[in-house]
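Only one chain is included here, represented as structure tokens and corresponding to the form predicted on its own.
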């Protein structure tokens, strides 16, 4: 863990120093400047141990132990029902994302709102000596992901608990940032995209998969219902304009069908 966290984690308290493992307290990361300590538990660094945010219905649902345990299986994310609802299978989406972001040749990747690490670990397997960071606010999801990474012998994966609206990394820290299945759940998606732009290096790729906003009257009704559950849909045009306003170019829509939208963009 020391190797892949060196000069990476910025202290969320003072924002002026890096956090690293104290040789005498390996269960904590300590800021070199202010001395703030953050626990390492269940295989992930908890940079927000005291953070308790109000959760939407959708967020609460996604943290339930039942969903965490089956999220990656053929009963949920890899299910035929999900493929039909989204208009694309997970495996096809994963290949599309990996190619668009050139993950195989990246040295540093952030998997934002990684959930149980369904993408995090897939990236780690093809990156060689590259480093992939999976960040999420859900402790149950991170605990599951860290357990699976250990089982698979992946030593280039780091899981971090922190907010997507205040990323604990220095500017231009990553060659690629991926956010699949979560942008529609963020309370402030624009703030999250500001943070993505900040930590992504120039020339780096941002890939995103999110709930697609429907069209016509039925789409409007569906959107109203979704928002009551804490899910905000996007259009390819609207999301493209939002990315362009944040300094992205080469904006490409890979999938715009059913309930799913997949896009990529490059930071100028």
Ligand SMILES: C[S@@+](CC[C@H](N)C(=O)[O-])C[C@H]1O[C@@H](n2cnc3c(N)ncnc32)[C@H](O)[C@@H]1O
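Remember, predicted model here, so these are calculated numbers, not experimental data. Positions refer to the first chain, counted from 1.
This protein has a second form, the form predicted together with the named molecule, left out of what is shown; the following refers to that one.
- Proximity to the named molecule in the predicted bound form, taken as a non-hydrogen atom within 4.5 angstroms, holds for one residue of 127, 146, 101, 162, which is 162.
- Just one of 193, 106, 137, 158 comes within 4.5 Å of the named molecule in the predicted bound form, counting any heavy atom, and that one is 137.
- At least one heavy atom of residue 59 is located within 4.5 Å of the named molecule in the predicted bound form.
- Among heavy atoms of residue 113, some come within 4.5 Å of the named molecule in the predicted bound form.
- Contact annotation for residue 87: none of its heavy atoms lies within 4.5 Å of the named molecule in the predicted bound form.
- When the named molecule is considered in the predicted bound form, residue 176 lies well away from it, no heavy atom lying within 4.5 Å.
- Contact annotation: the named molecule lies within 4.5 Å of heavy atoms from the stretch 114 to 122 in the predicted bound form, the single such stretch among 146 to 154, 114 to 122, 79 to 87, 193 to 201.
- Every residue in the set 71, 181 and 185 has a non-hydrogen atom no more than 4.5 Å from the named molecule in the predicted bound form.
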